[in-house]
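One chain follows as structure tokens, the form predicted on its own.
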């Protein structure tokens, strides 16, 4: 039986037996059949003798799904994420190897986080979307979801923002990178089903705040830890939020601001929550300006203010 070719040239022709698939992916036959039966992962062809046959593209999909599962994503969520990206015209199963120059094999051993960060920075600043996709796919294959979000995506965003402030990156580069990472986090957030029960969190950005990648990251982490999350996105008016909170009775309201101009919106939110009857939701705040200015943090004595999603989860007593 021939070996599959490089994934960037994957075909849909069903020619590989299940034995070859197992050798190429490391997925056991029992697991493969379970994925096919429960989640409709693949629809293999059949040989004249009735044996299952798989294509190069099938093998690429299985490799991608396996990297997601190894990174801590439930197989059901990984399948949903794959379907969402396919519907968007993307093929994430090709990403890891498509970033390699032709004729090169993957380097021995995984890259560490600083190397992944540097590769993602280079790709985003050069507007190389395909390469950035590949780097992120590699990151999710190497590290848990929260580690990718906190230790790779966040530092990349911070570095690009600092380069823009120094004049070393253009506003166009900053917007491209932010939009790219927001799309990826949003896709991942929606790949996780909303729990039917459990504590409820309302999350979003302060009035006038258009940077929402950080709060989206927090929303993803909360949902992965069993919270029901109503994510409101950018520029959320406080009055309408409080009106809905009265009927929704959330356990947590979590908002962020990145600039001093938008701290006033957080103060308005804090006062409005303090005025609610008991039991009031807990208030958690974050964002670059809150993390770097101690005098601002002191203006919110009743709120938890954390520098990361990990800190919030620890504060909430989540595993």
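The term rigid core refers to the maximal set of C-alpha atoms that superpose within 1.5 Å between the two forms. This one's a predicted model, so the numbers in the text were calculated from it and none came from an experiment. Residue numbers count along the first chain shown, from 1.
The same protein also has a form predicted in complex with a further copy of the same chain, omitted here; what follows describes it.
- In the predicted bound form, at least one heavy atom of residue 182 sits within 4.5 Å of a heavy atom of a further copy of the same chain.
- Shown alone here, residue 129 lies within 4.5 Å of a further copy of the same chain in the predicted bound form, counting heavy atoms only.
- a further copy of the same chain in the predicted bound form is approached by residue 133, whose closest heavy atom lies within 4.5 angstroms of it.
- Contact check for residue 237: a non-hydrogen atom falls within 4.5 Å of a further copy of the same chain in the predicted bound form.
- The contact residue chosen from 154, 147, 77, 221 relative to a further copy of the same chain in the predicted bound form is 77, the criterion being a non-hydrogen atom within 4.5 angstroms.
- Site residues 175, 210 and 248 are all in contact with a further copy of the same chain in the predicted bound form, judged by any heavy atom within 4.5 Å.
- With the core superposed, residue 38 shows a C-alpha displacement of at least 2 Å between this form and the one not shown.
- Panel note: the distance between the CA atoms of residue 67 and residue 196 is smaller in the predicted bound form than in this form, the difference being 3 Å or more.
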